[in-house]
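Listed next as structure tokens is one chain, alone, in the form predicted on its own.
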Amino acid sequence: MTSLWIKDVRPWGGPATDLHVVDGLFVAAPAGPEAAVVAGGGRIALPALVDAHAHLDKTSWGTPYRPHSAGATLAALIDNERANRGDLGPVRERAGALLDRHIERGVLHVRSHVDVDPTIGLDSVAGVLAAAADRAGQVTVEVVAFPQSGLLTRAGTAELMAEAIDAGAHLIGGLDPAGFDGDPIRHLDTIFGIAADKNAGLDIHLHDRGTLGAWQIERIAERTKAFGLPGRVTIAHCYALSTVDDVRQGSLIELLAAADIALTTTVPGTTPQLPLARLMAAGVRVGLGHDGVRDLWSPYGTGDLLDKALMLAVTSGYRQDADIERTARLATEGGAAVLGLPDYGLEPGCRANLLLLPAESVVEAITQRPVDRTVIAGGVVVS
């Protein structure tokens, strides 16, 4: 039995208390005199950060900086990546370097979309799974088999997606069934069919805006119910929700809530942010993701999810403490709800995954993003 006594910390910025850990779990009773001690010094304790939308296989983290070389359209970005991804080096090494950065910053849970196509096959899936296995006990990684180059436009991709689940991937992905693949009904029927056959969840990129995107949300909701997958479907980005009128937005939110479809945001710079308060009031699960970090899509990203939380607060025009704190909830509890993480939190019975931050409040932790952090995974100090 191993035990840890975390002294004088303030969960979520509340009153000071001690946290006790036995065999990797928080316990109500004192851990005992034999416990290792971490001096909290009055720091804030947050549950581990959850990156609910990442692309670990694409990163160039840990490699020399390279100028951005892609055009502005989605097709140009995809073509540029396909042409140059072979120059980046092994996926296992790059994904591992970024995971190490995540761990250092307190991001201990990641859902990563990983490219699957006839050219690379399942190599990137294998590389990300290997990088995660190298860090077992420190970080958990869910892999989404992702048809970045198109599901229907590249023959053999759908079959590879099914094989990816057999190889260890956890979810089936999708990409703009109408706007990119051009056949939304066939695209959705294909990925929902694979998910049902493999007993897997889905996480679908949906960039299409306005009424076209809204129409696809409705079709996704229909299939979520028809295939018996409520609670197991996520729509990433979901720009349509922010680019329709209020009445249509309200009906879509009701539809998402009724089908228990989750959303993730990566804080777009060119589209209005998701209506977070409205979504939360309806009970829709929403998580925050870093998206790509220093890759062939953009030079941005730091691997610190608190940076994304700050961006979300700024671009949403938040000034009130309750609003800014909401971004921290998305980066933690929101992401945990999207991923369906068991035993997540700071209560007895939860796995002791947390970070300690020198800040007076959660709002200060978001606005200042302290560099000094103590990160604990499973009751073990890992950073």
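Quick caveat: nothing in here was measured; it's all calculated off a predicted structure. Numbering starts at 1 and follows the sequence shown.
Not pictured, yet referred to below: the form predicted together with another copy of the chain.
Contact with another copy of the chain, judged by heavy atoms within 4.5 Å in the predicted complex, is confined among 248-256, 137-145, 297-305, 167-175 to 297-305. Among Ala39, Val27, Ala36, Val314, the residue placing a heavy atom within 4.5 Å of another copy of the chain in the predicted complex is Val314. Not displayed here, another copy of the chain is kept clear of Thr17 by more than 4.5 Å at the level of heavy atoms in the predicted complex. In the predicted complex, Pro342 stays away from another copy of the chain, with no heavy atom inside 4.5 Å.
Another copy of the chain is not drawn, but in the predicted complex it has a heavy atom within 4.5 Å of Asp321. Among residues of the shown chain, Leu77 is one whose heavy atoms approach another copy of the chain to within 4.5 Å in the predicted complex.
Of the residues in 352-366, those that come within 4.5 Å of another copy of the chain in the predicted complex through at least one heavy atom are, in sequence order, Glu360, Ser361, Val363, Glu364.
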